[in-house]
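Let's start with one chain on its own, the form predicted on its own, as structure tokens.
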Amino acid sequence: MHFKLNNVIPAILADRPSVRISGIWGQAIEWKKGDFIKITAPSGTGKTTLVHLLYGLRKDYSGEVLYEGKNIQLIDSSELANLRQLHWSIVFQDLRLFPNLTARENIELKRVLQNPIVRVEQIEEMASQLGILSILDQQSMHCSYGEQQRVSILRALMQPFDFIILDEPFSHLDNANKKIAAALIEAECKKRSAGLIITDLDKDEHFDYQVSLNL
């Protein structure tokens, strides 16, 4: 399982000088299952755009994004849905929780999209690790942003994946909670021999990265 980027340049960034010095835009890159990849970039250089390209949400770019040799732009909607349910998990920067559902219901939605690979009781075990056990039955709209980030992380761990894609997932967590969340994510990735792609504003030591790139 692997992603390949061949000379990818988003249309909205094509005229920006930062593209010419990017370690990703306009380059030939391959990321393999099991690799931990860190992408560091200041605001406005395309971190979220990259995440959306990898997840098949945007097609406004030149070059190719390939997964298992298939051009993501040309994959039909049913195959793309299958990839998102069984092979790619994601934590969006804007989280995309359902505000009227409880934290538990948001998490459970991902768990039951396919044959569950996480037991019901593990939800509370993981929530306890992340310090969100007490808010599981609150509507997500009433949770703090840091709590919502941890709910989103837990939700992403409910489904099968070969890659987990994380867009600034720890931005509202203190250092102690960042370490706890990173340890849980890493344990689940190792259990599944999965790859991790994470974007952030700064360098960090949350994971043992095999690849570190500046966008």
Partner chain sequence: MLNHLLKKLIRNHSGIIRMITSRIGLGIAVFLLLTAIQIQSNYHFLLNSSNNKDSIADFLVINKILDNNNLSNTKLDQDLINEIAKQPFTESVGILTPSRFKASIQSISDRFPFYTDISFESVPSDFIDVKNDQFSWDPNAAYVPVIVPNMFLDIYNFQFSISQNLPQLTPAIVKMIVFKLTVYGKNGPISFNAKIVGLSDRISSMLVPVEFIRWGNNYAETKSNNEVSRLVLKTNDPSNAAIVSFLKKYNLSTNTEKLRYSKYRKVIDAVVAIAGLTGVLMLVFALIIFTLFIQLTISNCKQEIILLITLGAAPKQLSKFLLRQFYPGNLLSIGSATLLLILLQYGLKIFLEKQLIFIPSAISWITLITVGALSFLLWIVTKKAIQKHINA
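Bear in mind the structure is a predicted one, so any value in this text is a computation, not a measurement. Residue numbers count along the first chain shown, from 1.
Below, we refer to the form predicted in complex with the partner chain, which is not included among the displayed structures.
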Quiz item: Picking from 141-149, 127-135, 67-75, 81-89, which part of the chain touches the partner chain in the model of the complex when contact means heavy atoms within 4.5 Å?
Solution: 81-89
Exercise. Look up in the model of the complex whether Trp31 has a non-hydrogen atom within 4.5 angstroms of the partner chain, and give yes or no.
Key: no
Quiz item: Do Leu97 and the partner chain share at least one heavy atom pair within 4.5 Å in the model of the complex?
Solution: yes
Self-check item: in the model of the complex, Leu101 touching the partner chain (heavy atom, 4.5 Å)
Solution: yes
Exercise. State yes or no: in the model of the complex, is some non-hydrogen atom of Leu113 no more than 4.5 angstroms from a non-hydrogen atom of the partner chain?
Key: yes
Quiz item: Which one of Tyr61, Phe36, Tyr55, Phe170 is close to the partner chain in the model of the complex, taking close to mean a heavy atom within 4.5 Å?
Solution: Tyr55
